[in-house]
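Only one chain is shown below, in C-alpha cells, and it's the form predicted on its own.
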C-alpha cells in the first residue's frame, strides 16, 4: 500500500493533472494498492476523474469527524458521507489531528468503530515526538497508542482486517529528518509483535500491514521498503509531484 497524503495542498487543476499522470506512469500491482488522499474539498472531484479514466487509484480521506451524542458538527464529514462518495480509505489518528485538534483516544476509537461499521478501511497513524525518542521511550509511547485498538467493541472483530497501521515518527514528518533503517526495522518489529502478543490479534489470525511515513522521498524509499517488516509507505510532501510519486510507487 503506497499512499499519497497531500495534506492542505492542491487545486482542481493539480488534482486532475496528478491523477492523469500517475494513472499513466505507475505499474499497477494488486498487492500494492495506490491510494490518493487529496484535501476533503476535492474528494468528489477526484473520485469522478478516477472513475471516468478507469484508473486503478483508490481514494482516501485525510479526515473524518465524530459527533458525541448524535450532535451535528458544523463543517464535519461523517463516515456515511465518505462512503456515499465512494471513498474506501480514511486516515485516523494522524499526529497533526491529535496535536492541533486535540483528538482524544476516545474520539479516535469512535472514529475507527464508525468507519468499520460503514465498511471503510482505516489507516491508523501512530508515532512519537523527538523528546520521547531521545528518552528511549518510543516503544512505551507507541504501545499506549496501539492500545486504542484494544478498545474496539467485540462486534468489530470480523472487521479488524480492514485496519492498517501507519508508523510516522512525528520528528520526521515534514522535517527532512530521516529515521535510520535499523530504527525503522526495530520499531516495525515492535509494532507487529505488540499487536500479536498484547492485543491478541494473532489468535484471530489477523496481522495488519504496517506502513512507514516521515519524510519519505525518492532517495530513501528503496532502503525503507526493502525491510520485510515495512509493508508500504505513507508519503507526504514528495507525493505532490506526480513523477516523484510514480517512481516511488514503481520502486516499491
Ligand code: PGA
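Numbering follows the first chain given and starts at 1. Everything numeric here is computed off the predicted structure, so don't read it as measured data.
What comes next is about the form predicted in complex with ligand PGA, which does not appear here.
Taking non-hydrogen atoms only, residue 236 approaches ligand PGA to within 4.5 angstroms in the predicted complex. Under a 4.5 angstroms non-hydrogen atom cutoff, ligand PGA in the predicted complex lacks residue 107 among its neighbouring residues. In the predicted complex, ligand PGA sits within 4.5 Å of a heavy atom of residue 5. Using a 4.5 angstroms threshold between heavy atoms, residue 46 stays clear of ligand PGA in the predicted complex. Residue-level contacts in the predicted complex: of 173, 142, 179, 116, one residue has a heavy atom within 4.5 Å of ligand PGA, and it is 173. Here is the short version: of 103, 147, 96, 129, the single residue with a heavy atom within 4.5 Å of ligand PGA in the predicted complex is 96. Of the candidate stretches 34-42, 196-204, 211-219, 48-56, only 211-219 has residues whose heavy atoms lie within 4.5 Å of ligand PGA in the predicted complex.
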